[in-house]
Ligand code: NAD
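A single chain comes next, written as structure tokens; it is the form predicted on its own.
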């Protein structure tokens, strides 16, 4: 099937007619032809978004709320269709894909209401007869570059607060999961005013960089790798653009010696292998107290062996295929390098032979880890969990802080002092106690160090998409003593 870009509420071919293949990672079959867009297509989308901005930003917050609620309702109405698209193009189990749609609808509803309440504030005056109003205003056209691993959920992280704040948007989906967003626009956004939401598909250099460099796109929001995030920041700096970057992680789990190791192992297994390890906050390294290390590691290996990999549309499937051949090769390369550097594979470590086709990789657990190994220092974004022994919380904190990343961290312990000591000393945007990968839409999400700039979720996400203006009002209408000329006349 041949798809088109969505610009100004119309379907448009790429200007130069180029396309690329959409591939089902379970069957390895080509399922779509998707526009490989370039500069003319981005320019058309930005013009449409610019033209729509005046009317969209001029609506009341209540009027925008009604549009966002319509998007939420339409998303839920077509949840099964949209979830099937996610499963078919990036391999996520259908039951997990369904949660993306519900999350997206929740984001739209949450920000539709939050933006009605958060429009500005009155601050303390400097004189008796003066007022200082702080007013929040939208930037204009927001460039949204969406990742492939949670295409609709992470689209919602950006789209909902950006639209609620009064901006219009141009989205560039990942080439791996463009269909999910195109289908969503087709099914859910038909009632939106023309030009408010635009979708242009393609590759990073031709489409993504053009969007980042466009002079009429004052803000860029991106989720993806640290390397690409740095590239975006450099390009955006040329025009002093606002950037919001949610980047990679190397999230640790600390397992203390006071826990039920079976519970900790099960939670770690889920945190490391859900979505085939393709989560920015996946469990990517484990530090376990030495006196429970063997028992925990044995339990983790057994949990990993129980994980059911298979057809994304099968309700019994826990983990589907990797999203692309590139992701499968990435997992293979990471494991081969780890073995070369001396790691021991306890389970997994290879492409699954369960199916003749499909980009399946077995859930993998390593031990015999050293601090300097790549499997400890660099993001794998694969179903791979390396396990190291530690002797104290101080050592665990030091090791947790030892990488360039600071996105998330989990601590398994029953000791509140241990838990909060770790939470206070670990440089990470999110700390989870006894439950990995947990988020709260009302609480900020984002990274420290090289894991990102800015925050998503909560009031903080709304702030990312608004500029601040101070309006000073003096209602004591007379000459001032500090002005030049007449000193105190009426």
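None of these values were measured; they are calculated from a predicted model. Residue numbers count along the first chain shown, from 1.
Only in words, not in the display: the form predicted together with the named molecule, which the text now covers.
**Student:** Would residue 252 show up as a contact with the named molecule in the model of the complex if we use heavy atoms at 4.5 Å?
**Tutor:** So residue 252 does not count as contacting the named molecule.
**Student:** Does the named molecule get within 4.5 angstroms of any non-hydrogen atom of residue 349 in the model of the complex?
**Tutor:** The answer is no: residue 349 has no heavy atom within 4.5 Å of the named molecule.
**Student:** Although the partner isn't part of this model, could you tell me whether residue 321 comes within 4.5 Å of the named molecule in the model of the complex, counting any heavy atom of the residue?
**Tutor:** Heavy-atom contact with the named molecule at 4.5 Å: absent for residue 321.
**Student:** Do residue 362 and the named molecule come within 4.5 Å of each other in the model of the complex, heavy atoms counted?
**Tutor:** Answer no; every heavy atom of residue 362 is more than 4.5 Å from the named molecule in the model of the complex.
**Student:** From the list 217, 179, 164, 247, which entry has a heavy atom within 4.5 Å of the named molecule in the model of the complex?
**Tutor:** The residue in contact is 247.
**Student:** Could you tell me which one of 289, 148, 136, 94 places a heavy atom within 4.5 Å of the named molecule in the model of the complex?
**Tutor:** Flagged contact: 148.
**Student:** With the named molecule left out here, work out from 333-341, 303-311, 71-79, 239-247 which stretch has heavy atoms within 4.5 Å of it in the model of the complex.
**Tutor:** Of the options given, it is 239-247.
**Student:** For 152-189: residues with a non-hydrogen atom within 4.5 angstroms of the named molecule in the model of the complex?
**Tutor:** Contacts from 152-189: 154, 157, 172, 173, 174, 175.
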